[in-house]
Structures are given as C-alpha cells and as structure tokens.
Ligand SMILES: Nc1nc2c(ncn2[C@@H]2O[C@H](COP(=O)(O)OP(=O)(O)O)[C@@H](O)[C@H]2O)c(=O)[nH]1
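Have a look below at one chain only, the form predicted alone, in structure tokens format.
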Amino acid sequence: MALFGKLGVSISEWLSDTPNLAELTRGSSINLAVTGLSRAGKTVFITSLVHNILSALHQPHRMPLLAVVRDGRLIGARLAPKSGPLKRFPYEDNIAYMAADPANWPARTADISEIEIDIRFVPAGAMGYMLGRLGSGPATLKLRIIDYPGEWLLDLPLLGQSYVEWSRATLKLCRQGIRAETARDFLAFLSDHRAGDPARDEDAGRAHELYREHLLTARDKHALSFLQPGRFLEAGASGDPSYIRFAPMDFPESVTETRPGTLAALMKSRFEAYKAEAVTPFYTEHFRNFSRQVVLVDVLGALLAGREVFEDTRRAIDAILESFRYGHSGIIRRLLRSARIEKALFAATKADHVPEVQRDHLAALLCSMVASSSLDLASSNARTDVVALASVISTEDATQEINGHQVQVVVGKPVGSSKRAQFFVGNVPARPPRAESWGQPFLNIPVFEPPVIDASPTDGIAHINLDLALEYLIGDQLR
C-alpha cells in the first residue's frame, strides 16, 4: 500500500490505467489493420511505419510524439518470424526499392498480408516500478500489422442489398458524370442484353469484363473511390472463381425479383455467392480480429480532382464507416459477434504536398468528411480520430511570388524529372467547398521522388505525424 502512496496513485486508478501485470510479463499483442482508398499510399505507410519503429532506438528524434520513445522507455524492436496464415508483407523488398539508386516507390499491394514486430519497453509509472521490483524485466508488445485493400470494406453494404437493389443503385451512378464515360461500353452492352434474356454464361462473362474495365478506368484514370464489388479491382486471372463473373443489370422500377432461367437470375446467383464466399469470410475470419484500424485517404488528390471525385471519396468514407457501426447494423453484430475495433484513425496522406501552414486545414477537411458520416455512431462503437500525415517527406517548404504576392509552396523532384520543381495547390479549405466554390479540376499532381534513405533500420525515414498516429493507435499498450 505504501508503494502506491509514494507514487501518488490509488490502487483503483493504477489498475484502470495500466495493462494487466501478468499480461505484461508474458507479453501482450495487438492487431493493427491498415487499409486505404485509391492512391492513398498504403504500402509506403506500412513500410515507413515498420522502418521507423525498428530504427527508433537508434534515432529517437524521428519519433518524438510516440511516448515510449520520447520518455526513453523503448528497449528495442525487431521483426518477428512469420507465424500467421497470411503471406508476409514485403517490407525488406520495399525498403530496398526505396533505397536504390535511383530511388523509387514500391509497387501497390492488392491482397491481404501481415508483418509482426516485437517491441520491448519499460512500462511507465507504477507498472514499470513494480516490474523492476519483481525483477521481471521489460515488457513486450507484439504488434501485428495487417495490410488489406480498402475496396474490401466498400463491399459491406452489399450484404444488406438484394441483387436488384444493388443493380439499380449502381447503374444510377454509372449514368452520371465521369462514370457515364467510363461505363459507356458496358452500358451499350446492357442495352442489347436484357435482364429477361436466356441465361448464357458467355453473356454474363462479357458483361463482367466490360463492367470491370469501367471500374478500373474510373479508379486509375479518374481517381474515383466508391467502386463495387471491391475484388473486381484486383488483377483478373483465369483462376478466378465462376461466381465472380457477374455485373449489374437494368431493371424497371416495378421489378423486385429475377425470373428463373434468365440472364438476371444467373447474375443474381453469382452475386449472392460472391457475398457468401468473398465478403462474409473477410469479416468473420479477418476483420473481427482487428483491434485497431487505420484508413488512409488521399484528401488532397480528391480535392484537386474536382467536386465529383471529392464527393465520391465522401461516399466511400461513408461506406467504410458502416464497418464500425456495431450498434446500428444488425449485419455487423451478426458477423463480428463479441469482437469489435476499439480505435479507428482516418489519415489524410501526402501532407508533405502542402506547406506546413496548411496541414491543419488538411486534417480539418478530412474531419469534416468523416464527421458528416459518423455523427450517429453509438458510444459503444470504435473511437475515431483524424490526422494529416506524410509517411515519407519528399518535399521542402519554400516561397514563390505569384501575381506580386509571396505564397507558400513545396519543392521536390518529380519522378522521371532531372530537376526540382515548385508545387502550389492554393489554399486548402478546412471545410468541404460549397457547390459554387468549385473551380476546374486540377489533376497535375506530381509524384515526387523519395528522399535518400538508409536501408538498414538505424536512421529511419523523415515523416510527418507518423509517430502521432502510432501513439493514438497503440500508445496505451506501450505504457
């Protein structure tokens, strides 16, 4: 009892604010899932995160906002041997690619993978004192990072829709704005192949191919994000299961069900199989094991691409938040049972593409986008927060004279260029622009070369707020 008195902490406070002593001495673990919307930089985020954790003991100045590093309690970190069923995240290959001469960014990953880090540390406060008195030595946190495509979360709403409902909503989008052009060939095919036509596998396959081409073009050429089904955006292969070869079909408003033996009935059967074989298992086998979640969003890219892409990004965020609405979704309650995500962080990436004075606005803009979709989240749901970050700093702040005024710009070397260039995005709004405020889309967003880095985990990688994000996500487990 005297121990707690000396430290100015009551037993109840100590027990409520610190992990279980037995758990610390034998080692605790946490699953951190990382996903992202189109072009958000998920692979680079995980690579830099791992590299900076491994390097933090040698270069603590890289991670000052991570309390265990700032307080000098970090003993060390190492990659753990592969032990789980998932393929291993290619951290070493990615770092080698970024450290090459010339340096370049690693390729985008399109499947689920994992990597585990053992973090040894001295617990803070009373817990550290107690372990020291018991001679138990440092504690260990096993951090398991899971990488998976953001498109997979966009499929959750399918579980609450019939094939006819999904088709009707999807085709409505296909006939609007950018999608009207990217889906032109698919829509032309539908005009010649009606829902009531006889079921023919070759017709279903061709519809699927055209619809998938539309989704890929919408993502890769126009940076749209709300694209379903998510696995249609993965590389097609001859080994794809037959149930994936479906697409939406046109139905009159009066139709609520398909007729047996028709092309629509064939599509519906595959749609239902897709939900049962691809969507549901992700939640029951993987998602339910995630305790912390990061969702990366290229807010700046969406803003510069114009109103339609920006609104599409908001639509995708709303769909993703469905995965955290445990109190309002019977589907989620059934799929996850007692499991749930405790914390979710939405991160606006590429913060180094705007000057330091505008980064708070970038975070505030994402906060507005998330808040508009999550006001009804119950208190029992995941805690959510937002941050603006850059996994790797590839620019420097500077000033430039424009129309007689000095303005803040960033300077970096675009990939493939022989010289550095200035980049000015204008003023980033702290709230979504009003309809009348949108100008012409500005799509010329350069991809800057990564800086020179050391492949060995000693120097770390310069970043913006990566340590702040990690402190929010797992800092409580490192105390």
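Here the structure is a predicted model, which means the values were calculated and not measured. The numbering used is simple: start at 1 and walk along the sequence shown.
Not on display, but discussed next: the form predicted in complex with this ligand.
Only one of the listed residues (66, 54, 428, 40) places a non-hydrogen atom within 4.5 angstroms of this ligand in the predicted bound form, and that residue is 40. Checked against this ligand in the predicted bound form, the candidates 390, 146, 153, 370 yield a single residue with a heavy atom inside 4.5 Å, and that residue is 390. Contact annotation: this ligand lies within 4.5 Å of heavy atoms from the stretch 32 to 40 in the predicted bound form, the single such stretch among 431 to 439, 57 to 65, 32 to 40, 406 to 414. Judged against this ligand in the predicted bound form with a 4.5 angstroms heavy atom cut-off, the residues 350, 394 and 447 are in contact without exception. With a 4.5 Å cutoff on heavy atoms, residue 105 counts as touching this ligand in the predicted bound form. Mapping the unseen interface onto this chain, residue 44 counts among the residues with a heavy atom inside 4.5 Å of this ligand in the predicted bound form.
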